[in-house]
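Read on for two forms of one protein chain; each stands alone as structure tokens, with the labels structure 1 and structure 2.
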Structure 1
Amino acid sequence: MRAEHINPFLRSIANTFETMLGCDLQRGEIVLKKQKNLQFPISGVIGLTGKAVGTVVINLSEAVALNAASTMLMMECGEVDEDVIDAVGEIANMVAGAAKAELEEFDLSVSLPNVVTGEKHDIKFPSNATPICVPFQCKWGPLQLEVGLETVGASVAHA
């Protein structure tokens, strides 16, 4: 993944949280994803296809997931139920959708979002992919964004 391709995702997650959820994100240091467990128990995951293929993961602490869902749905969400799952999937969808509009050279489409739950889950990428991981803090707690995006075909990869 080329480092500059993370920028549309950084803008889209910040815009999604600010405009949809009224929540400012403070960004931490951008790192390559290491092969260790994710830190948080709820992940919105969405696949990307086109002239590049990849995955966007929005990994949320439970507090961020519940507060974000409560804000989106305008109702109190006290546990990770179907409504919260749908809200997290929709946030992943919005982040991926806004970023793909900026990455028009790849003509990207997004898959159905899935939401992975489980205290110790980890979402691993193929070893030849180099996903980028970006931690954030917000008023509800911590979250992180992970993006792996690999161009299809060498002429695009090294253009």
Structure 2
Amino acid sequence: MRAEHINPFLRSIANTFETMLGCDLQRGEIVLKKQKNLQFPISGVIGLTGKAVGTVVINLSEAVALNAASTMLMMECGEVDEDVIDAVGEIANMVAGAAKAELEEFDLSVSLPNVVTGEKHDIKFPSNATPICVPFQCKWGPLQLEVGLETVGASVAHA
């Protein structure tokens, strides 16, 4: 995964949290994903296909998921329920959609969002994609972005 491929996702998550949720993110160090299980119990997952294939995961602590959903829905969310799950899916959709718009050369299609919950869950990335992990901190707590995106065939190299 190259820097020019991850930067649209970094800009997108920061912009989504700032404009849609009124919440600034502080980014941690970008690292290759090493641990199998995700750190936090709620993940919004989006698949990407086209001239590149990959997966985008927005992994949220429960506090971040509840506060983000409360902000989006303009009502207090006190537990992870269907409303919170829908909100997390929509956040993942906004992040992936905005990044897709910056990666036009890949003609990407974005899947419908899936939300996975539970302690120590794992999301599989395409076998040829080496995912990166970017931790963030916000006023509600920690979250992380994981992205694995790899080009398909030689057609992109000539684009």
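What you see is a predicted model; the values in this text were computed from it and never measured. For the two forms, the rigid core is made up of the largest set of C-alpha atoms that agree within 1.5 Å on superposition. Numbers given to residues start at 1 and step along the sequence of structure 1.
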| request: Choose between structure 1 and structure 2: indicate the form predicted in complex with another copy of the chain. | output: 1
| message | Taking 2 Å as the cut-off, check whether the CA of G118 shifts that much or more between structure 1 and structure 2 after a rigid core fit. | response | no
| So, does Q26 move by 2 Å or more at the CA between structure 1 and structure 2, with the core held fixed? | no
| query | If the rigid core is lined up, how many Å does the C-alpha atom of N128 shift between structure 1 and structure 2? | reply | 3.4
